[in-house]
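We begin with a single chain expressed as structure tokens, specifically the form predicted on its own.
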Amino acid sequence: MTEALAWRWFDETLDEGYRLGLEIDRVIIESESSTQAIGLYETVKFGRVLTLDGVIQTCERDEFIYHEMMAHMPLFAHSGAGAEALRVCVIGGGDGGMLREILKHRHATATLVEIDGGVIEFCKTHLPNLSAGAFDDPRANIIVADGAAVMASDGPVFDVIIVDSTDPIGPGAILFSEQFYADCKSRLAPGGILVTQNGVPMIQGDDLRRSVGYFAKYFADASCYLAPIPTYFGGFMAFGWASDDDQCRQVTEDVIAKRVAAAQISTRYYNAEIHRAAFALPQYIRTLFDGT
């Protein structure tokens, strides 16, 4: 480690007066893709950390929590889990971690729509463990395109749509709009589930309230679930949940446990107990939805 880098830190400011600092061993690369600035850093505590436009997207040490919770929650909750081929669409997710977890389900197929093909190629080269070969799986269909435009167009329906987006600023803002959620509804098969990245409620509560309010206009069941992810700082991370099948969120722990055992999937965070517990919301988050 050079003296110049020994005291270098990467700082992310999520909100006014609040930031996260990660000590960096070395800068691996800082570059511009076709749409955004990409950074990759080797950190002291969290391994390699990927940033887009100065915002942390994923890191090697805790990425498994985020990707497992976004992928396995809807796939095991779906009424067809384990009994039929689930058609899954991921909006975003260019690092490949979501694709990796989805394709652990033997009967799943996945379409990944990423606006920036440069992110995919970058992560294949510099973060290959995240995708673990998933981009080359014959069940994966990779589309480099605007996810909002794809959802607004005619095309096949999906059983699960996962919106692995950046925060609602800049190019990612449209993925939190009412029209986008309405378009997602039109591309879901009956009984389908929509799951979204919805930020940290302690700091981004208004964004979560707005999203769940939009869900309620188009879906019979609108809520969220939670997971703690250290590098997405500020407490619990929220994942939006929307479906016209209100029983998907009520599947019992015993049923989930049987589905997990039958799937023979290896996880580091997700399990049947976590699945049920993730839907339990603290009061400060529940009150966001009063009147929704």
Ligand code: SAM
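Note that residue numbering begins at 1 and tracks the sequence as displayed. Given the structure is predicted, the values throughout are model-derived calculations rather than measurements.
One more form of this protein, predicted together with ligand SAM, exists but is not displayed; see below.
Taking any heavy atom pair closer than or equal to 4.5 Å as contact, tell me whether W241 reaches ligand SAM in the model of the complex.
Outside the cut-off, so no.
4.5 Å heavy atom contact, E101 to ligand SAM in the model of the complex:
Because no heavy atom of E101 falls inside 4.5 Å of ligand SAM in the model of the complex, the answer is no.
Spell out, yes or no, whether the shortest heavy atom distance between T43 and ligand SAM in the model of the complex is within 4.5 Å.
Flag for T43 set to no.
So, T166 and ligand SAM: in the model of the complex, are they within 4.5 Å at any heavy atom pair?
Contact with ligand SAM, yes.
Pick from L188, A108, V212, V113: which has a non-hydrogen atom within 4.5 Å of ligand SAM in the model of the complex?
That would be V113.
Of these, M151, I91, A81, V88, which has a heavy atom no more than 4.5 Å from ligand SAM in the model of the complex?
When ligand SAM is considered in the model of the complex, the option within 4.5 Å is I91.
Tell me, please, which stretch of 212-220, 132-140, 188-196, 172-180 lies within 4.5 angstroms of ligand SAM in the model of the complex when heavy atoms are compared?
Going through the listed ranges, the match is 172-180.
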